[in-house]
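Single chain ahead, written as structure tokens, the form predicted on its own.
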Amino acid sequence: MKILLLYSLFAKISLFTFGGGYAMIPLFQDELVTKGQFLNEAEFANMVALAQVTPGPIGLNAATFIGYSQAGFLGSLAATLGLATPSFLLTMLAAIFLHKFKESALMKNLLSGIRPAVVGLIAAAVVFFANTSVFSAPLNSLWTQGRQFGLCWQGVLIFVLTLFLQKKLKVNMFGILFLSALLGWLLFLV
């Protein structure tokens, strides 16, 4: 029964997501953390980080990881297929009708309306990551004093350093990921 639940859950997420893996993150969080309580916030943040550093699309990696953590190999297969099935079917339907509707004003207007929603979903993912890595990270926080809000100086330091490395020194993303992970590990030890 859990296999069917995983398949349907990820099929629903895939069906209502437009814009790729980062646009799926708020839906993953809502369905897996808030509603389904498959994961807590920290586990979800770790899962997304792991899905980002492993090769392949973030949404597919996350579905596979969550499926495996919930029901082993069959769970990972069900979650992965659930995430892929709607996209596959919709892509096939779009390919069939693309030629017929490629000049349609209605279709152009619909796609123009979807773009801001995708930007909003990606912005929600940015807010989630900022909240978990900078404002309420599990590392030693500065200015918390018993409150829920805290500024994690380690997260801010890593953010500023990676921004500098990317914009000024043009360090490639693999180097930035490696240095960020190393710095995060070293700061965790402090």
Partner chain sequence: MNSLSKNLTLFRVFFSISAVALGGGLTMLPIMSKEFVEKRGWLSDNDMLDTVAVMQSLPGIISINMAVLIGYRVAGITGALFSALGVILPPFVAIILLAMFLTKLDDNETISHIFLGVRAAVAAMILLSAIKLAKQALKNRLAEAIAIFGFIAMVFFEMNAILLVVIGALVGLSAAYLPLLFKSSETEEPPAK
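Numbering follows the first chain given and starts at 1. Because the structure is a prediction, the values reported are computed rather than measured. C-alpha atoms forming the largest set that superposes within 1.5 Å between two forms make up the rigid core.
Below: the form predicted together with the partner chain, not depicted.
Contact between Pro26 and the partner chain in the model of the complex is found at the 4.5 Å heavy atom cutoff. The partner chain in the model of the complex comes within 4.5 Å of no heavy atom belonging to Gly36. Of the heavy atoms in Met47, some are within 4.5 Å of the partner chain in the model of the complex. In the model of the complex, the partner chain sits beyond 4.5 Å of every heavy atom of Leu32. Annotation for 170 to 185: interface residues with the partner chain in the model of the complex are Met173, Phe174, Ile176, Leu177, Ser180, Ala181, Gly184, Trp185 [heavy atom within 4.5 Å]. After superposition on the rigid core, the Cα atom of Pro116 is displaced by less than 2 Å between the shown form and the other one. Relative to the superposed rigid core, Leu89 undergoes a CA displacement smaller than 2 Å between the shown form and the other one.
Residue displacement note: Met173 has its CA displaced by at least 2 Å between the shown form and the other one (rigid core superposed).
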